[in-house]
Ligand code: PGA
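In structure tokens, one chain follows: the form predicted alone.
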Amino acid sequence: MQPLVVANWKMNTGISDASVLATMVRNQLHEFNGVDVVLCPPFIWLQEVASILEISDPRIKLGAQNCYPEKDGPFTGEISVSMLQELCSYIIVGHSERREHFGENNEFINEKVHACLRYNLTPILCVGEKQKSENSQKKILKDLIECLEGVTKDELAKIVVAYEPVWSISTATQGDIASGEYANEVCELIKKEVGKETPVLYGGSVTSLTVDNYISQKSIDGVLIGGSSLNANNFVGICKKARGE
């Protein structure tokens, strides 16, 4: 499978920033072969970014950063999968920040996974440990299994899993960043659980300087990018390295 590079803009950008960033990425990656690319802007800019990307190569897809599992109803401020299906191809679910700041548990995340599948959208399911320990890999697999409860073997091929060790995200110092070997070891365990048809990404302080450590690993099929995706040149550089440049 081709490497998959996902940009999670998180709660960043104004309308002009989002427009410029999406346009620069589109222009530099137009007809870009060898890598599949997904941009995940804030909800409020999805339509704007969609209009920018629609004239681009179909390899650049649009994704949402979150969703609510119900189709509609009295859920003030929430965005359902049915609302997103005409704009997006992917939806990030279970991100560590949603778990940490909004108390999302595996059962609720599982509902989101099934909602995405019902509407033919690809969930990017995030799992990862807060602290690195001798039991951390068992915890990761436990979370993975609970988040995928009720998902069929055929449906597993329609899901992306992203391994994101929380201790290696954003503010991590160089000494805290997960090594490529360690990330590959965990991703290999995940692949044994979900099967070889399910792409497994790595996310955790990935930059243009560190991406080679991960994308070169046998069991890592791509990367989930946070802060580095907010700079078009840096993000494009990561995409180029992902395809071996």
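Note that residue numbering begins at 1 and tracks the sequence as displayed. Predicted, not measured: the structure shown is a model, and the values here were computed from it.
Absent from the display: the form predicted together with 2-phosphoglycolic acid (PGA). The rest refers to it.
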Residue 204, heavy atom within 4.5 angstroms of 2-phosphoglycolic acid (PGA) in the predicted complex:
yes
Does any part of residue 169 reach within 4.5 Å of 2-phosphoglycolic acid (PGA) in the predicted complex? Heavy atoms only, please.
yes
Would you please decide whether residue 95 lies within 4.5 angstroms of 2-phosphoglycolic acid (PGA) in the predicted complex, comparing each non-hydrogen atom pair?
yes
Considering non-hydrogen atoms and a 4.5 Å limit, does 2-phosphoglycolic acid (PGA) approach residue 237 in the predicted complex?
no
Pick from 192-200, 205-213, 28-36, 42-50: which stretch has non-hydrogen atoms within 4.5 Å of 2-phosphoglycolic acid (PGA) in the predicted complex?
205-213
Heavy atoms within 4.5 Å of 2-phosphoglycolic acid (PGA) in the predicted complex is the criterion; list the residues of 59-83 that meet it.
none
